[in-house]
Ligand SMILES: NC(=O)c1ccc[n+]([C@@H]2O[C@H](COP(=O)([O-])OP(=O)(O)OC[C@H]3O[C@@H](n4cnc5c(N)ncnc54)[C@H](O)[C@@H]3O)[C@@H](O)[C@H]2O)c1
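The chain below stands alone and is given as structure tokens, in the form predicted alone.
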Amino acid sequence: MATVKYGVIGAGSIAQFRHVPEIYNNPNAELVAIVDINKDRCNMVCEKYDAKPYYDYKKMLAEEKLDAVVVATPNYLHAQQTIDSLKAGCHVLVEKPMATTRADAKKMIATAKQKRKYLMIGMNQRLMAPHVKAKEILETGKLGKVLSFETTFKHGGPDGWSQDGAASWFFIKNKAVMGVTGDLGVHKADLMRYLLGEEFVEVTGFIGTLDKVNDKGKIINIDDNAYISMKSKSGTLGTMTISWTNYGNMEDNGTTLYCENGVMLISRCKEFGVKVLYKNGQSEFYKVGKVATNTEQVGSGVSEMFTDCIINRKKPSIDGMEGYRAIDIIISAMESAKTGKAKKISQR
């Protein structure tokens, strides 16, 4: 296969800032068509990137000979659009969260297996340069076991990022299903699994709606803040703090790992993406690039990885089961928040 022919379902911000330009600029990919129910938006993006506009994804699947589809629509649409695209014979890259229920995620995985197509989830945090470097250092064993961690992901909310601002689907319960937990929490759940190299077995969630309002000035009916305590299979303890109400015009996307032989700080400093402070007094500082923010974009590497997997016929490392494990953590935390009790995570 010389190039991978793509169709993109959804022309919102994640498509416009990440998927569409990254596919368009990849010499091994061809952007064929874009779908969006907002015709003006769809036409604008298609004209910019010389793609064919569609307003119904099923029509695109029927009319175009595509190799792959990117699903970048509201959360509640991910599962069905992914399944339909797989059944149409396309490999699928779907945005996170891959689904809004465990059952739907499993159906997506089963369909990909049945159709012998790749399913990849757009969890880009593990591909960001500081996180790649951190994983590399951890794998040397110099820091020993990770004993505990603190990880944060906070910004001012999707009303400052989404194409529809405060009227965004992110703030509509039946379209988003998960609020900040699905938007930022899934990223962090996946990142910590990746860095630690093991599964989480128990979570406790404190999840609430504290301040965020919609375009009508009314408090949204979906979570805008969450504090989640986590325990790994080997006993590592940690916290994840995520927020849509960081109004200081600053994104906080950092992680601190407290290890047997020292401390690792990831994206906690503007100059150095990774800092390692050993308990013997030695230290290491790495200028390894930045983590993407809403205001400062860097390449996500997601579509590039997916394209490479298709061309070279290798299973994506961020596959459906990786996506399932991440949403399982988040759904478990949401269940914990409702019951007020810690929630065990099944490893099935």
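Computed from a predicted structure; not experimentally measured. Start at 1 and count along the sequence shown; that's the residue number.
The protein also exists as the form predicted in complex with the named molecule; that form is not presented, and the subsequent description refers to it.
Residue contact check for residue 25: none of its heavy atoms lie within 4.5 Å of the named molecule in the model of the complex. Within 4.5 Å of any heavy atom of the named molecule in the model of the complex lies no heavy atom of residue 334.
In the model of the complex, the named molecule sits beyond 4.5 Å of every heavy atom of residue 325. Although the partner is absent here, residue 122 sits close enough that one of its heavy atoms falls within 4.5 Å of the named molecule in the model of the complex. Though the named molecule is absent from this view, in the model of the complex it lies within 4.5 Å of a heavy atom of just one residue from 111, 225, 100, 163, which is 163.
Site annotation in the model of the complex: the residue of 81, 236, 152, 204 reaching within 4.5 Å of the named molecule with a heavy atom is 81. Look at 279-287, 35-43, 61-69, 311-319: in the model of the complex, residues with non-hydrogen atoms within 4.5 angstroms of the named molecule sit in 35-43. In the model of the complex, the named molecule lies within 4.5 angstroms of at least one heavy atom of each of the following residues of 50-79: 72, 73, 74, 75, 77, 78, in sequence order.
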